[in-house]
Structures are given as structure tokens and as C-alpha cells.
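Just the one chain here, laid out as C-alpha cells, in the form predicted alone.
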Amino acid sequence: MDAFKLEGLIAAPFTPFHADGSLNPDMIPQMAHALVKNGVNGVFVCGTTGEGMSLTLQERRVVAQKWVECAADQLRIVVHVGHTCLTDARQLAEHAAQIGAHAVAAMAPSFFRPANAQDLADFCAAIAAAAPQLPFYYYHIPSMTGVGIPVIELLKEAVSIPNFAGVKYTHWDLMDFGQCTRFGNGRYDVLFGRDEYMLAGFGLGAEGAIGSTYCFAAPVYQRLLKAFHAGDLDTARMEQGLAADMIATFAPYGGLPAQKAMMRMIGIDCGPVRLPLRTLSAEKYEKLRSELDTMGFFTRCVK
């Protein structure tokens, strides 16, 4: 397989719902337009931010297809196909290939969990084989899956998977992350997934990052990356601090509910979240808006 690489900012978009909680795919073109306008290079569809594990298989297919139809010529479309059921994950991977997605990804199963790196690699291999023509990424997010197997150990096993392209690394273990970026002389595409300290990831060798806050605050991270690549670490640190302040402001309101509220605040209404998550009340929505205004979100983070 030819080399495939994701660079710069890859947004993890929210799945838009109507007020009654049903899917609202007609909002996706507006979301895609905003991302392209802000220089985002791709999207990671139906992951954690996209509430992928709260969607039916058919809903996941609809969302993936809409993204491909409206943005595949402007954005790299990576479809998350992870599932606790291997057969379902394989079917989603096959569908992603059929509709013209650029890559697929899967997190580890979170109920019956792999016991070691070999078991995890075998699970990944079975999904990757369902779409052999597409690059496959492992989505490492122990905070959600409970699978904390060091990724460097997985990479040692994954060399036997022909289309294994890299990792979406959403964890705090920077030593493991650094080992992954150096593995095999940079053999794999290791994307950083913690927006609150993205600068550290690039300092350790990342060339791309996947995150939810790029959906509404991409300009902050674009300035950060521009400064980093220019060797202006003071400015890069300042922009990272601004991003961290923004995240610290909305985090107490709940990550996904708050961020969907922030999308509405910038004029892109992605609707409510699905249970067991709880959509912000009108009172909390206004309180969050006020706090974001105070910390400079609307003037410094949104373009």
C-alpha cells in the first residue's frame, strides 16, 4: 500500500441531531464548509466526539456517507468503525471502503477486552482485513475503553498487518507516545489526540492531531502550529495556554454537552446529545456563554 499520512489538524466532528434526538445529516455540509474555511485537513467521523457508540449501525453508515458525499474532495475522511462486535466493525469498514472514505479506524473493544498486545493486534487485523485497500488506524483512548496496553507494544505486533497506517493517540502517556513516533524510524503515522497539550505532542514528533475543539476553535491551533514550525515557542506556548483555558472553562459542564452548546453559539447547531449524556439546560447554556466570553473565546478562539 502506498504511504498515507494525515498532517495538521484533523477535526473530530459532532454528529448533528434534531431536537427530538433523531439524526440530522443535512447539517453536515455546513459543518464541513466551516472546517475547510478554517484550514482543517480532515475529519475523524463517528468517534467519541461523534457519539459513534450511541448510534445504530445504519446511522453510522448514513453519517459516514454524508461526509464523503459533501467533503471527500476537500477533507480527508477517516471513518471510525470500532465496535464491541467484530462482525459489525468489519461491516462498517467494508461500507467505508465502498463509499470512498480515505481511511478507517477502530478503538479497542470495551466489554470483553484484549488481554495483551497480540490479542489487540489480532482484533485490529480482522477489522483492517475487511477494507484492505484503506489505511487502518488504531484509536487509543483508554479513558473510554479501559484498554491501556502500551501502544508501542501494539506497533511491534502490527507490522504484520499490511494496511496498518498508524494511531490516533488520545492518552496522557507521553513516553509511550514518543516511543511510537520513533518506532521503525517513523514508520507509522501517530496522531496526537489531547487538544489541551497538543504542543507537547508535536514536540515529541507528531505531524498531525485529531481533536474535538478544532471544530470551533481551529484558529487557535493553526496559530500554535505556525509558531511551532517557525521556532517561536513563546507564541506557541501562549496559544496552547489559550486553548487550555478554553477547555478548562467548558470541561466542568461536561465535555460533549458543552462542546455541542459551543457549536450552537458559533452558529452551527448540532442539536442535543443522546442519553446517558445530558444536554445543557438554558440556564447552564447562558452561564457557559458568559464564562467563555470572559475568557476571550469569541474574540480570540473563533475566526
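Fair warning: this is a prediction, and the values are worked out from it, not measured in the lab. The first residue of the shown sequence is 1; numbering continues from there.
One more form of this protein, predicted in complex with a further copy of the same chain, exists but is not displayed; see below.
Novice: Which one of A129, A200, I99, A227 is close to a further copy of the same chain in the predicted complex, taking close to mean a heavy atom within 4.5 Å?
Specialist: Of A129, A200, I99, A227, the residue with a heavy atom within 4.5 Å of a further copy of the same chain in the predicted complex is A200.
Novice: Can you check whether R113 is within 4.5 Å of a further copy of the same chain in the predicted complex, heavy atom basis?
Specialist: Yes, R113 is a contact residue.
Novice: Should T84 be counted as a contact of a further copy of the same chain in the predicted complex, where contact means heavy atoms within 4.5 Å?
Specialist: Looking in the predicted complex, residue contacts with a further copy of the same chain include T84, since a heavy atom lies within 4.5 Å.
Novice: Is M265 close enough to a further copy of the same chain in the predicted complex to count, meaning some heavy atom within 4.5 Å?
Specialist: Result no; M265 lies far from a further copy of the same chain in the predicted complex.
Novice: Can you check whether R278 is within 4.5 Å of a further copy of the same chain in the predicted complex, heavy atom basis?
Specialist: Within the cut-off, so yes.
Novice: Hey, of 210-218, 175-183, 130-138, 160-168, which bit sits against a further copy of the same chain in the predicted complex at 4.5 Å between non-hydrogen atoms?
Specialist: Correct option: 175-183.
Novice: Using the arrangement in the predicted complex, list in sequence order the residues of 25-58 with any heavy atom within 4.5 angstroms of a further copy of the same chain.
Specialist: Residues within 4.5 Å: T48, E51, M53, S54, L55, T56.
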